[in-house]
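In the form predicted on its own, a lone chain appears below as structure tokens.
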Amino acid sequence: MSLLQEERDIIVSNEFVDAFDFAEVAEFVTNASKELFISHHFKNKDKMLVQPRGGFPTYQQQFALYEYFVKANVDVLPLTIDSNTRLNDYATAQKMLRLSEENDKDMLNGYPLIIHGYRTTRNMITNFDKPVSLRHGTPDARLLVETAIASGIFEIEGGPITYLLPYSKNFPLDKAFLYWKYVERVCANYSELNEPINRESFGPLTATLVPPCITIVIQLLEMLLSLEEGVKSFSVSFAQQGSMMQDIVTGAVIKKLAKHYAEEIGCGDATINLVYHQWMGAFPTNMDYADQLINLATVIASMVGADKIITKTRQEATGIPTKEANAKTVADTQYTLRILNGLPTVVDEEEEEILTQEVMAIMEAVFNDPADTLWRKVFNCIKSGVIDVPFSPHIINQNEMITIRDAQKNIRIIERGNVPIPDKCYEYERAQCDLTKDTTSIVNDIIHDIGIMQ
């Protein structure tokens, strides 16, 4: 028995898990419908795939949500996991699920997959025969991913950086890297049985004034960590940033450099997809404005050339959206995509060149770290501030980089901290901003910029 399989046997021998039958799961994955694999749809698509978010505590509610999504012509179904499961607190998830079922009231903010189990959940997923994407936010997702794949969920979102720095304060980053290495290996193993399991990184990060160079570097590094373990289908992603020009440039650079770095490590045969998130920051409470923001994001996703768009709803500012609101967004987004034909190609060559230089300089610094493995190099670079995520709550993040919007709403770096951005690029970034203001005015501008869409 391999060391990985020994570890897998330990992971699934959890008191909250039904007995795991790895042979049966392997047989299921081998014979699973191609329609369940988003990697199959990416290869054969003739349009951008539309995926909402959505997770409810009970099986019946989740099933009803999927029925609404299918009527709205969804391409990819979501399975959003509850916070207790994300924190590996399965006892509370179990208790809250029972209360949700008994009182007909949602006591969880998502679907407790571990408690429902893979046998039950598989019935729902195979019933709809559409690809399902696991959305969670879990630093230690080993059991969750085993259960998800056994259920028929063949796209796994997240990663050791993107699911830690935006969400956690104290969870050890080195442990997250090792736990996600396990996830990558499991996904790579199952990918040999049928179509590839798709891995997707979480590009929005803190969704708060993150400059494109940091977003792209983290996407590329999570992609490389995944590909080096044998994953053959990977999605890089980013979220609407507040400037159409900056989004288009970001899309162009991330596509170009993802291909470049995948080939650098001998993984040019992997399929790399691009995913675009509709606005992830503070949403307008005015629902008509929210609809306009959602439609604008769909137009930008088309101009970016995304392979998939992840939608928001008009109820984003007020709480967990109803299934009706969620289905409306899917239908509206599909309509907008249908009527968008022949969009012009718009590229700002100077911005693209500056962003490319910034990303490559940071990547070079990571590769030049003396550590012996890529994950240790990345760990060291986060610890030293070579990679710095604005507004991250995690204690290891330096939070020395300061960003602000320029007059055209582009996110600009005005303090680089320890991030090795070339001097020429840094001077360009600062030159786009009015830095003659006093500190209080700049802080007020940053606060305004955080709530820019409200």
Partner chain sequence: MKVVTGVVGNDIHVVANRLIDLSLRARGYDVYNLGVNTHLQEFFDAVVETGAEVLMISSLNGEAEGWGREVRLLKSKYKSLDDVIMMIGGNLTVGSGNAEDIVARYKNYGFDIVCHQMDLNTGLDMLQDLLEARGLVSEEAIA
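No experiment lies behind these values; they were computed from the predicted model shown. Positions refer to the first chain, counted from 1.
Omitted here: the form predicted together with the partner chain. The next part is about that form.
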Since exactly one of Y167, W375, Y190, Y261 fits, which has a heavy atom within 4.5 Å of the partner chain in the predicted bound form? Y167
Picking from T58, N418, N399, S33, the single residue whose non-hydrogen atoms come within 4.5 angstroms of the partner chain in the predicted bound form is N399
Should G319 be classed as touching the partner chain in the predicted bound form when contacts are defined as heavy atoms within 4.5 Å? yes
State yes or no: in the predicted bound form, is some non-hydrogen atom of E101 no more than 4.5 angstroms from a non-hydrogen atom of the partner chain? no
Contact between L87 and the partner chain in the predicted bound form at 4.5 Å, heavy atoms? yes
Taking the partner chain as it sits in the predicted bound form, is L220 near enough to touch it, meaning that at least one heavy atom pair lies within 4.5 angstroms? no
Given the stretches 142-150, 361-369, 262-270, 92-100, which is the single one in contact with the partner chain in the predicted bound form, using a heavy atom cutoff of 4.5 Å? 92-100
Contacts from 382-397 to the partner chain in the predicted bound form (any heavy atom within 4.5 Å), listed N to C, are F391, S392, P393
